[in-house]
Structure formats: C-alpha cells, structure tokens
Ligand code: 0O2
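Consider the single chain below, provided in structure tokens and representing the form predicted alone.
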C-alpha cells in the first residue's frame, strides 16, 4: 500500500484520538470546577504506527484490505484512575454517552491475565466528520489505575526488548510485581475516603481562591486603591489561616461588596446619559 493511502486511512483515527482525548479531559475539568471528585485522573491517546499495524495484521493473518474492520485498536485511548473503584464509574460514564457506542468489553481487572496484566478494555464505535463526510471508526479504551499502568508500561517495554519471549526469571519477577501492585491498589482503596476528602478540600479551596482573585481584579476598575489594598490584605490574612469556612465567608462578603460597586457604577452611567 502506498504511503499516501496509509495517511488517508490513519487521518480519521488521528482526529478521533484528538476529539476523544479532549472530551475525557473536559470531563475531568467539569468535575473539578463543580467541586466534585473526578474518577478520571489522566487521559492519553495514540494511533498505532504503520509498522505496529502491519506486525499485528501479520500475526493475526489479517489482509491489508481488512485492517480497518478487524483491527479494533488502531485508535487507542488510555484512561488512568487513582482507585480500582473508579474504573467501574468510568465504564458507566462511557456506556451512557450518546456520542460513542460500546461494541465489546473485557474485564482484566477482575480476571487478571496469566502474565499479571490488569486493565479494563472497551471497544467503541466513534464517528468523526471529515472532508468526505462522516466516518465511523473503532477505538480501544483501556481503563486502569496508576499502579496498573506502571506495571503495564514496564511489561510492554520488556516484551518489546525480548520480542515477546521474556526470560522466565524476569517473568517471575513481573508476576511478583503484579501481586504487589494488587496489594497496593487494595491498600489505597482502604484509605480512599481520607484521600478523596483531602483532594476535595484542596480543589474547593483552589476554586474559592480563583473566584476571590477574579473579584478583586474586577474591583480595580470600580473601587479606590485604598479599599482594594484593604481587601487584598484581608484576603492574605485569611488565606494564611488555611480555613476554608473563613474563605467562604470572605467570598460571600466580597460578592456583596462587588455587587454594591457595580450598582453604583451602573447608576453613575445612567445619570450621565440623562
């Protein structure tokens, strides 16, 4: 197949990976902007290289003209979670979306592979819009924890180095490492509530501080410099206390002050127009 034809084939997959990555990252931002815990921690995407496609097609005896139909992972999205419990939540989010259709699922979290590999795989249909119109393609979504991803990345590198024939002594160590990863995920789940509380508190504080600073910035156009300095000093004093409730009260008070100045400004403009 000519190089140009490969480019035409893979371009829609590149577009799909970009769009899906943006959509899942937006989900993270939506959760956090609303002060909610996001079950998605990180998102990565890739399109298989031509050499990887050819290698896999050869191993599976797939003809070149059947590649798009029979290779389900030309486009790949990897979703990383903090906790095992988050994986099922992400799976449900994907199942309920209307812009992608689930073709199949494989649960390697509950049913660990013999090698020690753990992850949740979903094959979806996703439509992209190109110059030639709509094109429905297949994409693989892998959902795993940070710990699972660490193990998988190392195992993948070793598979590449040893061309699929990892020495037995290294395979034994990988299996032991996989057992340790399972214990780590279980330990993290046992303190999940504490970790989530800490992260939510941090996100709430970050959102409050951002809103307060935006309000103060807007007041520069409305209030006198002495008043702005007083407000800033009060903000820094409260911020140093690390007390979210005090920040909330200050935020509400600042909203009232800002609204008062906006009302005065509107009234002044109205009088000027008379």
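None of these values were measured; they are calculated from a predicted model. Residue numbers count along the first chain shown, from 1.
Only in words, not in the display: the form predicted in complex with the named molecule, which the text now covers.
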Which single stretch, out of 55 to 63, 24 to 32, 236 to 244, 210 to 218, brings residue heavy atoms within 4.5 Å of the named molecule in the model of the complex?
-> 55 to 63
How about residue 86: is it within 4.5 Å of the named molecule in the model of the complex, going by heavy atoms?
-> no
Is residue 111 one of the residues lying within 4.5 Å of the named molecule in the model of the complex, judged by heavy atom distances?
-> no
Quick one: is residue 138 in contact with the named molecule in the model of the complex, heavy atoms, 4.5 Å cut-off?
-> no
Using a 4.5 Å heavy atom cut-off, state whether residue 159 contacts the named molecule in the model of the complex.
-> yes
With the named molecule left out of view, choose which of 173, 121, 97, 103 has a non-hydrogen atom within 4.5 angstroms of it in the model of the complex.
-> 121
Counting only non-hydrogen atoms and a 4.5 Å cut-off, give the residues of 137 to 153 close to the named molecule in the model of the complex.
-> 140, 142, 151, 152
